[in-house]
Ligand code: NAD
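We begin with a single chain expressed as structure tokens, specifically the form predicted on its own.
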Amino acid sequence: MERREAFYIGGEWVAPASERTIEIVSPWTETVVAEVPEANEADVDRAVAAARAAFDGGALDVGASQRADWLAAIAAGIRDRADEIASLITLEMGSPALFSNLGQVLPCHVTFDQFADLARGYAFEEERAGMLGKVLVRKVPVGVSAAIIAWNVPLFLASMKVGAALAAGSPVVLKPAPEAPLSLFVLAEICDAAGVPAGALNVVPAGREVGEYLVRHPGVDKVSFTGSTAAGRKVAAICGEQLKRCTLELGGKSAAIVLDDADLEAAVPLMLPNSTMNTGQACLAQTRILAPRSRYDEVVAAVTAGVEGMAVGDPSDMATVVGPLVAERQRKRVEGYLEVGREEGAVVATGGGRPAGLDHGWFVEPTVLRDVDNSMRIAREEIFGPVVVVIPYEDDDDAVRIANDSDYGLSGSVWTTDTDRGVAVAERIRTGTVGVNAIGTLDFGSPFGGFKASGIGRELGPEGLEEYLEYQSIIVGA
């Protein structure tokens, strides 16, 4: 039984203001495996005050080189505890062990290292020739930042926000989701060991109501939120009322376009991990597969064979590809969409139910739905489970039209034997990231974020750092 009894606030482990706790239920065993304190408004007040004191007192105003050293030390700490962290994430939200290691933990220390390198070479100040004399253009920290994250890739989501904020010199109040807070307590321990100043990182897991309190808090200057589009709209509305800076990384319904010249034997094994990663519980999962009508049955057969070859079961087994969904409510949601798909006329090519032989765990079979039209709900709404739909198209123009016919615009890919043609198609897709014959769905040194309902702003790369900076011009007369 994993148990935490204190929050990390102001560089110390402090007792919570109430006796309320969060029970973590394993999606695999359906039993309580951990317990952590649940923050209330008083805990948030204390965390924001600690961050405010760190910022106003200049604790992070020590030069970019020192901040970079802290970030590099955090990266090293994550590497040292990688196995432990991966096991915690598998325990709390059911992520398959292989993905927990390669898709959850590895990107975290890479991200902190990237921000360390960026901070060392970034021009936080430049001198320009102005009309009345020289002008010093400074990029200064935005202030106290609230980081509110989802449960699906908890440490990586935190790493993108905390890494950028600390590189900029902005302290953070981090609110983990109640389903998956365990790895964030370890992050606090790592930051403490790395010498990060008191108040620079504060960790207070809580539910939605307390999250809204944090967003509205007058001591918070900027909010970075990752979660559903519905919740993101509410965060944006509050920030708009208060003229508070915000970054939103929200949902997706991304398309993988298989062009008519694609080598399916080579492409499908690379494409499917983009569609079913983390048991389909990923905002950038490419769950719409667009296939040329001339090769539609061939693509469906290849995708179906690939999905049927995915091992389903114990998430702690390194051979498992598809594990349980995070909660029973999530399984009900996915099963509801499968029923909607059948009612809309989609045909189940494989899956569509619960896997046989598993008497516990919140599983849904990895599923391929064929004969899908892009107007169907299963093609338009984010299912957040191991379900892919295969949609036919006529030609390249039609494929681009279908890919762009979505409320979302987060990720996508193009699969072809003609790279130039693939890039030409990718340039027409209205999403934040598009891969051409690429298994990766983001690049750690490049901006990540979405168009349309997939969000506002960017994370990672210089653009992610700049989300935590304000511009100041100092005009110096003769």
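Residue numbers run from 1 along the displayed sequence. Since this is a predicted model, take the numbers as computed values, not measurements.
Keep in mind the form predicted together with the ligand is missing from the figure; the text below concerns it.
- Looking at 106 to 114, 317 to 325, 221 to 229, 295 to 303, the stretch with residues near the ligand in the model of the complex, meaning non-hydrogen atoms within 4.5 angstroms, turns out to be 221 to 229.
- Residue Ala206 is the only one of Val390, Ile257, Ile89, Ala206 with a heavy atom lying within 4.5 Å of the ligand in the model of the complex.
- Contact annotation: of the candidates Leu250, Ala262, Leu71, Ile289, the single residue with a non-hydrogen atom within 4.5 angstroms of the ligand in the model of the complex is Leu250.
- Remark: none of the three candidate residues (Phe99, Asn274 and Arg354) comes within 4.5 Å of the ligand in the model of the complex, counting heavy atoms only.
- At the 4.5 Å threshold, heavy atoms of Gly199 stay clear of the ligand in the model of the complex, well away from it.
- Looking at Leu410, you'd find a heavy atom of it within 4.5 angstroms of the ligand in the model of the complex.
- The ligand in the model of the complex comes within 4.5 Å of no heavy atom belonging to Gly385.
- In the model of the complex, the ligand lies farther than 4.5 Å from every heavy atom of Ser159.
- Contacts between stretch 159 to 179 and the ligand, counted in the model of the complex as any heavy atom lying within 4.5 Å, involve Lys175, Pro176, Ala177, Pro178, listed in sequence order.
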